[in-house]
Structure formats: C-alpha cells, structure tokens
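Single chain ahead, by itself, as structure tokens, in the form predicted alone.
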Amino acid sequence: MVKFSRYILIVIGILVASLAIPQLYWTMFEKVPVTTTVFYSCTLKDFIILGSEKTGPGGRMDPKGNNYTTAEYEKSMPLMFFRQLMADGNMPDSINGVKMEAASINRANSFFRFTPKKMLAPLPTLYPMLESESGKVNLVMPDDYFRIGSRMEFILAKTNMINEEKSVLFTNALKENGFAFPAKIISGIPTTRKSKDEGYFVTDSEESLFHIKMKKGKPYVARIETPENLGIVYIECVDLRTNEFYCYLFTGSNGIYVVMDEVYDLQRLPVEGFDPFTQTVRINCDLFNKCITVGGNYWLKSTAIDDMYEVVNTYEEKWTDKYERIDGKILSSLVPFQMSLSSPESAFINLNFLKSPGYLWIITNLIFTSLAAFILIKKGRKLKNIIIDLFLTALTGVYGCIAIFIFPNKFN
C-alpha cells in the first residue's frame, strides 16, 4: 500500500512538473511573435501589412516592400480613416468613379472576426424572440423565451409557465415547413442593441436550414435550400447596415458561406480549407471590397474580393514556428512532452498534451535515467528495487527524475 501510494504521488509530481517547467521556460525565454494584420487598399489596389516580422511592431508596408508613415497609411486607407481625412481636408471627392459621402462610407464599413473558441463556447438554453414588425423605433425584449426540443416552446419569464398557445402556433408553422425536431444549431442576435430584428437561423436534426422570426405576433418560417452534405457546424448572424446578407455559415466541408438578404441564396466565400476548430478569420468590408484573412498558428492568407465576390488580389505570409526557433529547439530537446491548462482553440481550462517535436529528448531522458540510477545505487539501493523509478524516468525524463527524488522510497 505504501509503495502504491508513493507511485500515485510520483505520477502527480510528473504532471505538476510537466505543467510548471515548460511554462516557466517560456515565460523566461519565449520571443512572442508580432501580431500581423492585413487590410486592402481600394486606392493602391494592394494590401497593407501591419505588424509583421518584416515591418516590426508598429510598422506598415505593402507586399512590394514599400514602407508607409502614419499620414501615408491613412491616405492609402481612405474608407477606414475617412473622418480624419475629411477633418484634415485630404479626403478625395471620389474614388473609382464613386462620390465619397460620409453616410455611404460608414454604412458600408463592417468588421467580423471568428476564433475557434466560439466553437466550444457554452450555449444558452433559452432564447428571446423579438417582434420584427412592431412599428416602434426601438426593439423591446419579450416576456417569454423559447427553446426547440421535441417542439418549439415559449416559457414565460415571470412564472416559468409555458405559453401553450404561442408554442403550438410556432410548432405547427415549423412542421408545415418540414422541420425535423429537435434543433441542432440556433443562432441569432438576442439583444435589442441592433438596427432591426431578423429572428434566428436554425438547423434541425436533419441539418436542414431554416429562418424563424415573429412578424406582428405571427410566426414566419422559411426553409432555405442548401447543397447536399453541406454539414453546417456554426452560424453567426450579423447586423449589417447594408442589409447585404443575414449571417455567416461555417461548414464541415471547409467552406464559409453567407446567406443573402431576402432571397436566401447561399454565396460561398473564396476561402479553401478553412477549419473553424483551429483557424481564425477576419473580414473587413467597405464600399468596394471585402478583405478576408484566414490565419493559423504560423501563417495567414488574405483574399480581397469585389462586390460580386470575385477575387481581385491575394497575399500570404508565414513565420517561424516557435519549435523551429532556438528557444523552441532547446526545450523540445530537454523534455519529451508538455502539459498546459490553456489552449488557443478554447477558453476553457483543460489538460492539453503536446509531444515535443523531434527525438533529441530521448538522449536527455537516458541521461536523466543514468543520473538517477547512479545516485540511487550510490545510496545503497538495489537495482531490482529501483526498476520502476528508472522506467518512469526513462519515460518522462526530467519530470520523472524530479518526482522520484521528491517522493523517495523511505522503506527500501
């Protein structure tokens, strides 16, 4: 029993060491890479890169290597800095033959950002269904909230009772449009802080896509035709002042789609191989273009498209993996693996395992195993009594070596 409890403590010691040692090492020696941001200039017809390894922090340059001062950068991005340019008297009267008006520019500008953390974020169990055509200027939160399980149910917030009449009304409307209960994904903008209410976009148990909202107290349900095996895994609704499209669809086929306003056509964005579980995407929109930037751990690709969703330019950048740098190579040769409680793909605390790249750590493990054997035998321990200790050290390297000496076998 004593031996068994000791090995439990050793395993815990190995786990704690594998969490603490890499974190301490990276805190002391890691060179944090510069965060790169890419925009598309409608006047230069090219990209502007901010904060890359080439420009350094605060630097601005285009793909040809031309550097820009702050004033030059603002002039190259007139639709982003139009207020400053108008205040300075430097705003062009027209761009690409289009007269520049502050209201039109502001209306067309929008920004969207997606990170993998959204895929694992906790989901609400109840949603408010706002009135889409109340005739009032301001939106008002309802007295009840809905869920879609075996049917669509509305629950009164004050009494926790089911509004049966309203529940039956919406459930029947869904059934008439071929909805297969329960819902898999429910996505909307559940707040009054938006320009208008467009309800929710919902996938049913058969992964068919529906638009559900309330118009003058009555249900509005539209079934949206989608390609076979689209495999929608995430939906994010947006509130665009241009009313160009309702939402973004992220699919299992590595594609990103938008659902066009009113007509419900699905427009695929020219992004290939996008993985919502590991990659990020930023979309900047203006009067003339959309700049879509997809990023991984050590790379990004930006695609500029026009208002017809045709590609007009692309830019790619890669930077050095931290395990290809000196600091990363040193750590990967010292430890066989690393544990961490956080991950770029999740906002939750969890144990994450990462095997060290390469095999130099095997030599380090053998060195620590030999050192442990030398010290233990020097202390008079018999080889047969330290086999398990040496095995754990050979398997886990410095972690195991630390643990077996912190929790020594006092009865041997």
Partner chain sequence: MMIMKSIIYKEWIKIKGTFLAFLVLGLIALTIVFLRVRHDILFVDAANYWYSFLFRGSPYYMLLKYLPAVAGLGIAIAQYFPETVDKRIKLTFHLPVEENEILIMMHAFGAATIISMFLFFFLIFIAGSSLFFPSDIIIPSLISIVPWFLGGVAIYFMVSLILLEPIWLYRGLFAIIGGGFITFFYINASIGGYKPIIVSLLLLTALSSIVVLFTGYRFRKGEM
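On a predicted model such as this, the values are computed, not experimentally measured, just so you know. Positions refer to the first chain, counted from 1.
One more form of this protein, predicted together with its partner chain, exists but is not displayed; see below.
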is_contact(Gly97, its partner chain) in the model of the complex, heavy atom dist at most 4.5 Å: no
Partner proximity in the model of the complex: Leu354 to its partner chain, non-hydrogen atom cutoff 4.5 Å: no
Partner contact for Leu19 in the model of the complex: its partner chain, 4.5 angstroms, heavy atom: yes
Asp143 within 4.5 Å of its partner chain in the model of the complex, heavy atoms: yes
Answer option from Val312, Ala157, Ala87, Ala222, heavy atom within 4.5 Å of its partner chain in the model of the complex: Ala157
One residue of Ile330, Val168, Leu341, Ala71 in contact with its partner chain, assessed in the model of the complex (non-hydrogen atom, 4.5 angstroms): Leu341
Its partner chain in the model of the complex reached by all of Ser5, Pro128 and Phe348, non-hydrogen atom within 4.5 Å: yes
Stretch in contact, per heavy atom within 4.5 angstroms of its partner chain in the model of the complex, of 233 to 241, 294 to 302, 116 to 124, 256 to 264: 116 to 124
Stretch 10 to 31: residues contacting its partner chain in the model of the complex, 4.5 Å heavy atom cut-off: Ile12, Gly13, Leu15, Val16, Leu19
